[in-house]
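Shown below, as structure tokens, is a lone chain in the form predicted alone; questions about how it binds or moves come after it.
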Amino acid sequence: MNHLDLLTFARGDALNWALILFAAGVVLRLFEIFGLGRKADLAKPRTNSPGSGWRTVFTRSLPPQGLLNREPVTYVGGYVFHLGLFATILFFAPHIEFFDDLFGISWPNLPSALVDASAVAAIVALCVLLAHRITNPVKRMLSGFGDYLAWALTLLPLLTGYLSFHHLLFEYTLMLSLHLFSVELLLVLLPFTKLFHTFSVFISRWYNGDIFGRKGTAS
């Protein structure tokens, strides 16, 4: 199979199957989460409980008081990575064209140079966070295969996308194919790895905030 055939496969059947498996996996995991149910709380809720779930979704996105000074690498690196990833995925012109073809919607793109810088920032932040995880005794002890797998699955699309955009390492068609395959691998495995927090993080934050709000305590 030559490079052009490989790219055609990556853009066609491989992408279609990846999207199908991704959608099925997300639906299955969400069904598992919501299928657990929730016992009825018969206690009278506190007066300050309304909206506590939604407030927690926002407040948990901010570092707790004092922890930013104690763990600057974790929080600063995390924010830089997520913002860089967000900008790269949603505001790169070719990506917007892809979403337009897939969903029929589009929006203004950012300048390529800014998206490129965002991708580099996200890659550097990922590498710094990995080094911090490895060198920190507690985090190294708590880390397992799933953590490193999630890291690699996230890095590969960013790295291969950067290399293909700049025509580095391999011939452009091959590099673009590898970029697409890395995205498809991420899509297939995301629902079954720790990367599923992309969906579950806001659900869990709302759930915890709502429960603690009914009890009149901070979550």
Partner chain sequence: MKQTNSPKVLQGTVGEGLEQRGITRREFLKFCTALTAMLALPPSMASVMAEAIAKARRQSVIWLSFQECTGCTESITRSHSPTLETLIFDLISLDYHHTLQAASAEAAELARTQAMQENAGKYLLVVDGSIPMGDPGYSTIAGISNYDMLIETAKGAAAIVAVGTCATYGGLPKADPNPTGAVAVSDIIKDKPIINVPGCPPIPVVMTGVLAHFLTFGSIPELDDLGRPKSFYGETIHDRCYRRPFYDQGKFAQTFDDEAARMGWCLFKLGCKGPVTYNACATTKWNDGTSFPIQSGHGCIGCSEPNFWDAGPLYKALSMPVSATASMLGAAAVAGAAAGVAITWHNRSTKASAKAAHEKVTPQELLREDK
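All values reported here derive from a predicted model rather than from experimental measurement. Residue numbers count along the first chain shown, from 1.
Another form exists, predicted in complex with its partner chain; not displayed. Remarks below refer to it.
Contact annotation for residue 28: at least one heavy atom lies within 4.5 Å of its partner chain in the predicted complex. Residue contact with its partner chain in the predicted complex: residue 113 places a heavy atom within 4.5 Å of it. Contact annotation for residue 35: at least one heavy atom lies within 4.5 Å of its partner chain in the predicted complex. Contact between residue 70 and its partner chain in the predicted complex is not found at the 4.5 Å heavy atom cutoff. The candidate site formed by 80, 86 and 195 is entirely out of contact with its partner chain in the predicted complex, as no residue has a non-hydrogen atom within 4.5 angstroms of it. Only one of 97-105, 118-126, 71-79, 133-141 lies within 4.5 Å of its partner chain in the predicted complex by heavy atoms, and it is 97-105.
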